[in-house]
Structures are given as structure tokens and as C-alpha cells.
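Just the one chain here, laid out as C-alpha cells, in the form predicted on its own.
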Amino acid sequence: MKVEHLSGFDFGAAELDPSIFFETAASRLASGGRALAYFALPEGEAHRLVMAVGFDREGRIEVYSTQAYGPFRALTPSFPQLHLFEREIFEQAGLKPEGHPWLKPIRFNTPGAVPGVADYFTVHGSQVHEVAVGPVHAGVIEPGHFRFQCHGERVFHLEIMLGYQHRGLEKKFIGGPDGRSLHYAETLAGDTTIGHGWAYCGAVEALSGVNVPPRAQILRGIMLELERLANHTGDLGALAGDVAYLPAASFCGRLRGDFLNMTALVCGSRFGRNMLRPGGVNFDLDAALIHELKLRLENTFRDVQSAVSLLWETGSVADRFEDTGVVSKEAAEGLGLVGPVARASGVGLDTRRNFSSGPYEGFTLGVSGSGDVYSRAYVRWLEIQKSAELIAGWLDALPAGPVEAECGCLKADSAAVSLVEGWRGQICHFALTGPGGKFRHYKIVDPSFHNWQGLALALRNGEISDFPLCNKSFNLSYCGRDL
């Protein structure tokens, strides 16, 4: 987890001339930087373009800004990782990125829709056919539209259209923090309560100058890794189900619930709601609870190990997982993919290591792969083992002391970038305060915002029947992408 407090961050002082801004951004991205956030900040009748760039090898963040009164230079042709950011700026602020290859709105039927650019991409040919799925699905799932351009079973192109339930959550933070702000963070992507809750708390703590007590930091780490354990275990079971391997599917589905119950044992909520607060946590562990958690963790992990080992030992599973839905390292880096799907393609990005702080000082986990479904599954198994190891170690050496520190007013005219490695990947919360110390703007980048395009690429030249398996191997958030 990493928080970068831009102390006394004055956009007037930090402002760059437009030409220098774009040259600087292009230079930094070309030299190994990665876009953490890129958005348009309203300033009266005008806007300011703000970009945060992370340098993973150095664990460093830089922020640049420039005023924008109209069309601006698109960087997407050179840096595809910016394609959604620039489309969102056009959609929300009306500023056109000149040279962007396709300014289709990223949300359904929004005011930014422009005639002609909202059409679906099509492939023409006498034997090419189109398969449309959704947005209404035959199960308990949020709305999303998937349109395949196929030749027989072979997929030439998959276009993914989300944004049918845009809630405007980012705007709800403006004027805060207040009694609802943390609740919004915890529920913006419900299966990532601790990840987003921690990112929000980190931004508030940076802006109020609060140091979280060591015991509270460790407790947060325990809850974050329990969240990772539950979701990775559930994903491995779901992947087994998608290839009709029911033993692992059944076991992992039950064991996911055991991890959720451990979270509920600590704070009363299986998703971790109300565990965190700015300055620390609301719940502590006594000796009896620590003993119970250690016992449950040991037993559940042993069962997960037995269930998951069935996947690697079964030829029919390997046959479906291997060489399916491949995303190369070059493509993953170009699109700015994050989390397990990036690591499965050989991209060595993990916020816990690259931007380590708090309980993750000295964190190590080397992962790589060939970018297929098998790699995305196996990376989850490696992370399950690491999470269990971390929690066990923390429970054995939980430091004494308080579990909260009082947060005062936020510093006026400041900004903070807060990064957390959620179970899907890197979460970014970018908070800016105005003269009164209240949020004037709040930007959230869920890992799914980066990764949906990776799923589309995984289907290219594959078979359409592989879509459910590839989709589950990414397991991205609809609502986290549609804030």
C-alpha cells in the first residue's frame, strides 16, 4: 500500500505549458512510467488535465497538470493504456483528444455520445457473422454487452460495452469527507470492500497528516489478505466449474465461504464492512480470537491445497487451461494491465512490492507466466499461498498498541494519491481538496478499468466457446468499471 501526499499541491505552481505537459507525459510513459490516473478537473468554465504516473521499479509517483480550454493532443496512438482515460475525459468534460482512434463513449447512452462513434466495430466478409451477448444475462450478473465478430468458431474481434448502471459515485465524494464517504468507498465494488476502503482511508490520512498505528496497519493487512484469499479461492472453483471439473468447483466454493466467515468473525461482516476507519480500524483481536483465526486459517488452507492440487493433476483441466486466452507480456504492458492477469503475462507489478509500505515492507513474490488461462489460475494459487503465509506471520507477531489515531481536518489545497493492491490488482484513489479542506475532486481507478480490454485481446483468434473460461480467468468488476 502506498500513499503519496502532494503537500501544499498548488495547481497554479505545478502547472505546465500544454506542449511541455504532453511532451513530459509522453517521455515519462516511454521511459517505463504507467498511467495511474488521467482526468479533467473542472475549474470554472475551463478544465485542467491532471495525470498521475507511477514508476514501478523506483516505487515513485509523479503528477503533472495543464490547463485545457478545448481540444488537446491525444497520447493514445503512442500509449494505448490511455485509451479509456482519454475517452472518459471527452465524455465527461467535452474536451476532444485530437488524434484518438475511436472516441466511442465508455458508458451507455451518455450525454457525450457523438453520432457515428457509438456504433459497434464490425468485420465484413461473406462468411463473417456477429454474435451479441447481453446486456441482460441469464444469471445473477450485472449488465454488460459482448459483441463477437466471428468466422465460424474463430473470434476476429470482441467488443465489450459496459456502463449501463453509471452511479456517479466519484461526484458523491465531492464536499466530503462526511459520514457517507467511507460507505461509498466500501461499496463501489462490493467484493473489494477492504481494498477500496483502505485506499480511501489512505488518502484521508495523508491529507490530515495522520500516522496509522502499527497494530492497525497489520490488522488492515490481515483483512486485505483474507479478502484476497476468499476471492482467489472462489475464482479457482469457478474456473474448475467452467471446464466441468466438479470436485475442485464444489470444494473451492465452500472454502471461499470459510474465508468470508473469518472476516465476519473479526468485524461482523463477511465482506469487511465497517472494519476500517480513517486513522485505523474499528475492531481489534484478543488472544482468543487470534487463536481461533489461526486454527481456522490452518484448516481451511490445508483444504484449499487439497482441492486446488486436483486442478494441476488432472489432464482434462490442463488441456482446457493451457494455451487458451493468451495475452502476451508486450500486450499486457501496452494496455497497462494490472494485478494477477498482468503478473500471469510476466509483468512484474505488485503494489505490495513496488510501492511497499506499512505491513508490506520487504514484501516479495516473484510470479510470471505465459499469459494463458493456466497462468492466470496458477498465479492465484501462488498468491493464496503467500496470503496465508502473511496472515499466519502477522497473527504470531501482532504488535501491541492502539488501533486508531484521531484524524483532524484535511489540509486545504492539497492532493493525495493512494495505491492499494486489491485482489484484482492496483487500486488508485486520487483526492484533491479545495480552500476549505473539503474534497473538490475525487478520482477512483479500479483495476477493472485497466483490465477489461485485456479480456477482449485474450479472445482474439481464439474460439468463441472459450469466452466463459477466459472471462472467469479475468473475473473483472462491472460496477468498479462504471463509477
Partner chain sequence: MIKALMARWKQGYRTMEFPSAGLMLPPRGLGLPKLKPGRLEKAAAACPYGALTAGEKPGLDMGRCIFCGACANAAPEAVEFTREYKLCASGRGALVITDEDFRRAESLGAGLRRLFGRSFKLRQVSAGGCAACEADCNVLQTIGWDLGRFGVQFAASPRHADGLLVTGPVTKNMELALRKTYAAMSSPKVVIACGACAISGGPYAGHEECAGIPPEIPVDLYIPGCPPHPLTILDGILRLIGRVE
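Positions refer to the first chain, counted from 1. Fair warning: this is a prediction, and the values are worked out from it, not measured in the lab.
The same protein also has a form predicted together with its partner chain, omitted here; what follows describes it.
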Interface residue in the predicted bound form among Val266, Val326, Val317, Ala93, criterion: non-hydrogen atom within 4.5 angstroms of its partner chain: Val266
The listed residue (Glu330, Asp284, Glu389, Glu292) that reaches within 4.5 Å of its partner chain in the predicted bound form by any heavy atom is Asp284
Looking in the predicted bound form, is its partner chain within 4.5 angstroms of a heavy atom from every one of Arg220, Ala240 and Ala405? no
In the predicted bound form, does His157 have a heavy atom within 4.5 Å of its partner chain? no
For Arg180, is any heavy atom within 4.5 Å of its partner chain in the predicted bound form, or not? yes
Proximity of Ala400 to its partner chain in the predicted bound form, heavy atoms at 4.5 Å: no
Using 4.5 Å between non-hydrogen atoms, is Leu382 touching its partner chain in the predicted bound form? no
Taking 4.5 angstroms as the heavy atom distance cut-off, pick the stretch from 129-137, 72-80, 148-156, 203-211 that is near its partner chain in the predicted bound form. 129-137
Using a 4.5 Å heavy atom cutoff, which residues in 282-318 contact its partner chain in the predicted bound form? It's fine if the answer is none. Phe283, Asp284, Leu289, Asp303, Ser306, Ala307, Leu310, Glu313
